[in-house]
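First comes one chain, alone, set out as structure tokens in the form predicted alone.
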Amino acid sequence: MSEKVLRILVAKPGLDGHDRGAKIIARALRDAGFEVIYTGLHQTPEMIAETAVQEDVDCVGLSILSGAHMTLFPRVVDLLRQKGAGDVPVFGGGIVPDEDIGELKNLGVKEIFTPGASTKQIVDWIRQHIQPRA
């Protein structure tokens, strides 16, 4: 029996209009053998959580540059819990000040990748920490 390919949702929450980083991550994850669903720009947390449930993803990666990470990231985590998908890990990347990372992790975000993180670091982290959902 072949190993299940991880399904990863890559999303851009909020009004941030810059998606180059998210597209680079989505491509790197595809190149690493993961199945990637990319939502495109201007997604609400509700849209992201609904897509995660509908697509039965194994994890959600959020990309943000706008500074709204302390609101949007925890909101996605909370909505996944409300939809019965609280076991879907959420990780994030973008412009997140170091002083916010600990609080985001306390609120349920599994990992934060800041500028300078390589695509290899992100792929390696996923391989080490994300398991296919049953």
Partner chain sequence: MSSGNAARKIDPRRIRPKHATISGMELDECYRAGDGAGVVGEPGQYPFTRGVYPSMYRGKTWTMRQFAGFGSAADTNARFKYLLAQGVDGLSTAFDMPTLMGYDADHARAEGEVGREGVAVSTVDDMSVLFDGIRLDEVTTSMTVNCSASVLLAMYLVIGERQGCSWKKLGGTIQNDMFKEFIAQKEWICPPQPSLRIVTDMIEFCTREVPRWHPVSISGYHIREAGSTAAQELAFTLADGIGYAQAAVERGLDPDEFGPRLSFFFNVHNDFLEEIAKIRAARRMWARIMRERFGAKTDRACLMRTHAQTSGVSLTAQQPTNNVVRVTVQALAAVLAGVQSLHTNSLDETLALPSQEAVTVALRTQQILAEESGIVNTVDPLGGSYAIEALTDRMESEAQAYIARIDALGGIVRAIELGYPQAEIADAAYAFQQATDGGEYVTVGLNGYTMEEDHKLEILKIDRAIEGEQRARVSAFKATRDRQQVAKLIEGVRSAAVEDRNLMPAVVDAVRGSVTVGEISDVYRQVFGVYQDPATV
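Residue numbers count along the first chain shown, from 1. Just so it is clear, the structure is predicted and the values come from calculations on it, not from any experiment.
What comes next is about the form predicted together with its partner chain, which does not appear here.
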{"property": "Touches its partner chain in the model of the complex: D78 (any heavy atom, 4.5 Å)", "result": "no"}
{"property": "4.5 angstroms heavy atom contact with its partner chain in the model of the complex for D16", "result": "yes"}
{"property": "Partner proximity in the model of the complex: D31 to its partner chain, non-hydrogen atom cutoff 4.5 Å", "result": "yes"}
{"property": "Contact flag, Y38 vs its partner chain in the model of the complex, heavy atom cut 4.5 Å", "result": "yes"}
{"property": "Its partner chain in the model of the complex - contacting residues of 70 to 105, heavy atom within 4.5 Å", "result": "M70, T71, L72, R75, I95, P97, D98, E99, D100, E103"}
